[in-house]
Ligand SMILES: Cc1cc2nc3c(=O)[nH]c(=O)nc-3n(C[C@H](O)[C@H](O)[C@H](O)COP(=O)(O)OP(=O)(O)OC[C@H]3O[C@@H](n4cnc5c(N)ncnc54)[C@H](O)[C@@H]3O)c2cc1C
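Form predicted on its own, single chain, as structure tokens, below.
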Amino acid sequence: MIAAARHRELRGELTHDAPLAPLTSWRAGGHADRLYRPADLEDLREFLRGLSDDEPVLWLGLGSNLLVRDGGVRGTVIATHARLDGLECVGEAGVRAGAGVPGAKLARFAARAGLVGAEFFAGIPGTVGGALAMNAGAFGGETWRVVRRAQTIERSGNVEWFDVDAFETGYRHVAARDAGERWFVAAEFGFAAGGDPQELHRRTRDLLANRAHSQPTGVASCGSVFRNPPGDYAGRLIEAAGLKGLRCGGAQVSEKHGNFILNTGAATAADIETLMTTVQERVAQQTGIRLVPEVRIVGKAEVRT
């Protein structure tokens, strides 16, 4: 819960019983007890200081790679998109970006500055905060390969910069080596100087065009549902199992790419989660490989009445 005295000092937006479906790329799921949109980092520090120690906290960027169950989320959701949105050039060929900056915006900013190596961020359908939290990647690039240092915030409101060696990173995995509870609020990335902005923009457009050719776009989905198993691709295994087009309620495995599950219009989170489980089971039956979700599943299944 939030202390009333602190609440009065805040400059952000606090919403009770907030619907989360419009804030997720799957357009499904329940409500949050509380949704907070901080005015800026200092306001976020004040907000966190006012939370009780046992208040559950969930961070939300663009709502991709996230399935909110139909019963919603107990506790507080903190939305960073368009809030922690600082973006500036720093040091030698570096860019500092806030957690709420979309990956595509970071890619365009770096291209305009003639910085090479940020193009892959255009293919990440989330914010910098989400990309840092899961080491998101696209087009062969990966977030933590270009991180110089990262800024985090703790429940106490303490904000601190850390070098990359403070974190253990791997494929879609990031963890603080000291196991402390902290969340990413910004990062500094290092790229290569001397690129031609027009050529970088053209290269990014080509990458996105190639993606549009092989992946569904313009329809509600979360991006890739499952991690690629070692030495193989989740999409190939799903297609080989004959599961393209498989449906559960309003959820459907994409006909275009097997590792995408679409909300065809009225899918519930339960439809999507059930379809995910079915895909896992059928692929395991045929190949012996149990696919691991890349998407994060949160909240309660039971709908509140």
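Because the structure is predicted, anything quoted here is derived from the model rather than measured. One rule holds for the numbers: they count along the sequence shown, beginning at 1.
Missing here is the form predicted in complex with the named molecule; even so, the following discussion is about that form.
K.L.:
Name the single residue among 267, 276, 58, 41 that comes within 4.5 Å of the named molecule in the predicted bound form, judging by heavy atoms.
P.N.:
Only one option qualifies, and that one is 58.
K.L.:
Name the single residue among 35, 51, 246, 66 that comes within 4.5 Å of the named molecule in the predicted bound form, judging by heavy atoms.
P.N.:
Only one listed residue qualifies here, and that residue is 66.
K.L.:
Is the gap between residue 184 and the named molecule in the predicted bound form 4.5 Å or less for some heavy atom pair?
P.N.:
Contact check for residue 184: yes, within 4.5 Å of the named molecule in the predicted bound form.
K.L.:
Taking heavy atoms and a 4.5 Å cut-off, does residue 223 contact the named molecule in the predicted bound form?
P.N.:
Within the cut-off, so yes.
K.L.:
With the cut-off set at 4.5 Å between non-hydrogen atoms, does residue 287 touch the named molecule in the predicted bound form?
P.N.:
Heavy-atom contact with the named molecule at 4.5 Å: absent for residue 287.
K.L.:
Would you please decide whether residue 74 lies within 4.5 angstroms of the named molecule in the predicted bound form, comparing each non-hydrogen atom pair?
P.N.:
No - in the predicted bound form, heavy atoms of residue 74 and the named molecule never come within 4.5 Å of each other.
K.L.:
Look at the candidate spot formed by 126, 138 and 172 and say whether the named molecule comes within 4.5 Å of a heavy atom in all three of them in the predicted bound form.
P.N.:
Every listed residue reaches the named molecule in the predicted bound form, so yes.
K.L.:
Please name which of the stretches 202 to 210, 108 to 116, 159 to 167, 215 to 223 has residues with heavy atoms lying within 4.5 Å of the named molecule in the predicted bound form.
P.N.:
That would be stretch 215 to 223.
K.L.:
Pick out the residues of 23 to 39 whose heavy atoms come within 4.5 Å of the named molecule in the predicted bound form.
P.N.:
Going through 23 to 39 in order - heavy atoms within 4.5 Å of the named molecule in the predicted bound form - there is one hit, 25.
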